[in-house]
Every structure is written in structure tokens, then in C-alpha cells.
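Structure 1 and structure 2 below are two forms of the same protein chain, each written out on its own as C-alpha cells.
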Structure 1
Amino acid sequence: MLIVPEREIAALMTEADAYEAVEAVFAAMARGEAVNFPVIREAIGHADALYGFKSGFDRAGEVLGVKAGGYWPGNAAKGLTNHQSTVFLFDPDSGRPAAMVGGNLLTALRTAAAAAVSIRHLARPEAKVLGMIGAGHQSAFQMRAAARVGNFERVVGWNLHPEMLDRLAATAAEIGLPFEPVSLDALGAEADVIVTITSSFAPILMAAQVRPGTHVACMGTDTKGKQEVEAALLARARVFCDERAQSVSLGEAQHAVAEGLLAPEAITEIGAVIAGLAPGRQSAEEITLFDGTGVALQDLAVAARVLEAARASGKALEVDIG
């Protein structure tokens, strides 16, 4: 079995590689060539942590595996990333373990890549202002990935704890864009694209705050009970997702569906747009919303690419498991 330690991931996976892997696997899902298995994600009753498993099989790429991990909210105080995960890959012909790959940076990259895929395929081409809601660790990855696919001229941002907005300001400066802290009302009025990336369990962005023509990428809701935007916003928007089953059960759509504001069959998987099987944005005035819950196949796709690069560069450690 091969091991690719977390410390090696940054040298083996770029933002561009992550984007290509995620976009390709979304299309494979739409064509029926790849499948995600049911997610297990639960509070463990210790350290306020959420822990679980996401698994799947990409038949076309012959990638079988599982990501184990979760969210430990107290890790930042320990100098650790709150999100902790590891990806395990298996030989689909025998079931034997093939590789163990550090999943922390990969999770950040593939999550940001999914939002970027939605922006490229659903946002208006003339979008100039990027709005960021949330200033945690993941926000920097989201902003950089969005800027790679959009022609943004400035960034506006909001966070529940304003003292954390320095992260957004620093990231915007890094990519050469001006940044301005704003209220939620101003953010909704000015932003052409809005990325929400929080761990909220109550709606932050209201339907009335979002103007026509906006694309919203909701990236923080991945557990039952979480919620970043008002359910009424999904009723106003054309809703897209990474996988419908997850969107309805543990994504942003869970609330709109439960309230009878959105029918599950009205949600379009983004892979169908990428593969040319369903339309994306249909007018400059409609609101598009991407519900990014994070699927196993994203993790497996980026892990497989890292493993290939690690083999080629000699950075994979080999362990004899008998």
C-alpha cells in the first residue's frame, strides 16, 4: 500500500488540477459512470466534533475509495485545521487497500473547485463583483478559486466576527483585487456572485437581499440542520447541486424541500450542465444557486490525481501490508 502524507500534498496538487478533476467527475456522475454511496456523518459527543464517511466508485476511472474525517471546531486553538480527513483508495478488482492519502488540503481544494465550477458554468459572464460570506480557513481557497474562473474587479465581504475579515482582505490583496467589508444588505446589492462558506445552523443571507442575475454558491451546509441562506431564496432561484440526494438530505436544499418551497426534481445536478445534458443559466435576470454539499467522488478524484503525481515523483511511501 502507498501512503501520501499530508505534508506532500501542496507540492502534488494545484488549484487548476483540482478544478479539472472535480469538473470531470461531476460530468462522469451525470453520464452514469460514477456513483456516490450514502453518507454517514454524525456528532460523536466529544470535542463538539462531527465525524463521518463519504465513499464512492468511479467506474470509468476505476477509482474506488472512502474519505474518513470531519470537523473539530476547537482545533484552531491547537494550531490545527478544524477539518481533518484522510482518503483511502482500494483496488476495485480485489478490494485490497491501494493507498492512504492526506485529505485536509485536498478537501479545501476540491470544495473551492466545486464552487468555481458552478461559477464558470452558471454565473453571468459579465460578473464583476465577488461577494464572500464567511472568513474562516476555507474562505481563502474559495476566493482564489473563484478569481481563477471569473473576471472580477473587486471583492466585498461579511463575517459574523468582523475581526476575521483580515483573512479576506489579505487573500484579495494576494490575487490583486481591492476588498471592502460591507453589510449583508450592501453585499447582496453589489455582488454579482456570492459565495457562502460558514458553519452556520441558521440562515444568514435572506432572499430579499439577493438581486436578480446573481449566482450564489452555498458551500458550507453539509450536515442535517446546517443552513446558510433563507429557504425562500431557493424558491426564487434555479437550484443546482453536486448530487441531488445529498442536497435534499443534508445540503442547503434540505430546508426548502422540508418547507414545501422546492421540489427535489426541480434541482439540477451541475454535472448535467457540464455534460451538455441540461441547460445552465437561461437568462441574465434569473438567480442561480449552487448547493455544494461535497461528494465522495470529488475527494476520490483529487486523491487519485495526487497518487499518480506521488508515484511519478517518488513521494509516495510504500508499506507492506502482507
Structure 2
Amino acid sequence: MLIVPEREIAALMTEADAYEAVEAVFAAMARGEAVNFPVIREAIGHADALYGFKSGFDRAGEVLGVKAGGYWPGNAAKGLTNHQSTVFLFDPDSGRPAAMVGGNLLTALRTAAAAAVSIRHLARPEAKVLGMIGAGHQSAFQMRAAARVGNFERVVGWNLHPEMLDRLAATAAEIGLPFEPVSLDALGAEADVIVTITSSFAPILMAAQVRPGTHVACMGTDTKGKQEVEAALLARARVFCDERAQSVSLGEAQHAVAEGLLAPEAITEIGAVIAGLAPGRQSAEEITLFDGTGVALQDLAVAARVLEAARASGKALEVDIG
């Protein structure tokens, strides 16, 4: 069995690789070649932690595995990352463990890649202004990935905790784009693409604040109860997601569906757009909204790429498990 430690991941995975892996596996899902299994996520009654598994199988790519981990809110005080995860890959022919791959950086890269995939396939090609809502750990990854696929000329941002906006300013400077902190009204009025990446449990962005033609990638809502945008926005938008079952149960669409504002069948899995099986944006005026909940197959796809790179560069540790 091979081990690829967390410390090696940055050198083994690029944003471009993450984008390719995620786009390809979304399309494989749409073609019925790859499947996610039901998610387990539980409060363990220790260290205030949430712990769970996301697993799946990509039959075409022969990638079988599970991401295990969760959220330990007390970690930051110990100098550790709050979100902890590890990906385990198995040999699909024998079930034997094939690899253990650090999953923390990969989670950020694959989540940002999903938003970028949605931007490339759904945003208007002439989109110039990127709006960022959220300034936490994931936000920097999101901004970099969005900028890689869009021709953005500037970034506007809002965060509940304004002292965190420095992260957005620093990331924009790193990628060479001007950044301006703005009100939510101004953000909605100016942005062509909006990425939401917060841990909010109440709507931040209202339907009336979003102008026609905008693409919104809702990336923070990955748990029952979380919410970043007003449910009415989903009723107004053409809605896409990574996986419909997750979108309606723990994604941004959970609220609009529960309120009867959106039929689950009206949500298109983005893989179908990538694979040419469903249309994406249908007019320059419509609002497109991507509900990115984060599926196992994204984790497995990026971990499999890392494993390949680690093998090629001799960065994987080999352990004899008998």
C-alpha cells in the first residue's frame, strides 16, 4: 500500500489537474459510469467533532475509495486545520487497500475546481467582474480557480466578518486583479459571476440583489440547515448541481425544494452539460446557479491523480500490509 502524506500534496497537484479530474468525473457520473454512495456524517460526541465518510466508485476509471474525516472546531487553537480528511483508495479487483492520501489540500482544490467547472460551462463568456461572498480558508482557492477559467478584470467581495477581507485582497493581488470590498447590494449589481463560500445558516444574498445574466456558484452549503442565498433566487434561476440527491438534501437547493419553490427534477447535474446530454445556459439574460455540495467522486478523482504523480516522482511511501 502507498501513502502520500499531506505535506507532499502541494507539489503533486495543480489547479489545472484538479479542474480536469473534476470535470471528467462529473461527466462520467452523467454517463452512468461513476457513482457516489450515500454519505455518512455524524456528531461523535467528542471534541465537538463532526465525522463522516463520502465514498464512491468510478467504474470507467477504476477508482474505488472513500474520504473519511470531518470538522474539529478546536483544532485551530492547537495549530491544526479544523477540516481534516484522508482519502483511502482500494483495488477494485480485490478490495485490498491501494493507497492513503492526505485529503485536506485536495478538498480545497476539488471544491474550487467544481465552481470553476460551473463557471466555464454556465457563465456568460463576457463575464468581467467576479463577486466573492466569504473570506475563509476556501475563499482563496475559489478565487484562484475562478480566475483561471474566466476573463475577469476585477474582484468585488463581501464577508460577514470584515476583518477577514484581507485574505481576498491578498489573493486578488497574487493573481493580479484589483479588489474592492463592497456592500451586498453593490456586489449583486456589479458582479457577473458570484461565488458564495461561507458557513452561513441563513440567506446572505437575496434574489432581488442578483441581476439577470449572473452566474452564481453556491459552494458553502454542504450540510442540512446551512444556507447562503434566498430560496427565491433558486426559483428565479436555472439550477445546476454536482449531484441532485445531495443538492436537495444537504445543498443550497434543500430550502427551495422544501418550500415548494423548486422541483428536484428541474435541477440539472452539471455532468450532463459537460457530456453534451443537457443544455447549460439558454440565454444571456437568465441567472444560472450551481449548487456545489461536494461529492466523493471529486475526492477520489483528485486523489487518484495525486497517486499517479506520487508514483511517477517517487514521493509515495510504500508500506507492506501483508
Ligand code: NAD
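As the structure is a prediction and not an experimental result, all values here were calculated from the model. When a residue number appears, read it as a position in the sequence of structure 1, where counting begins at 1. Basically, rigid core = biggest C-alpha set you can superpose within 1.5 Å across the two forms.
Label of the structure corresponding to the form predicted alone: If we ask which form is the one predicted alone, the answer is structure 1.
Cα displacement of His46 between the two structures reaching 2 Å, rigid core superposed: Yes; His46 is a residue whose C-alpha shifts (by 2 Å or more) between the two structures when the cores are overlaid.
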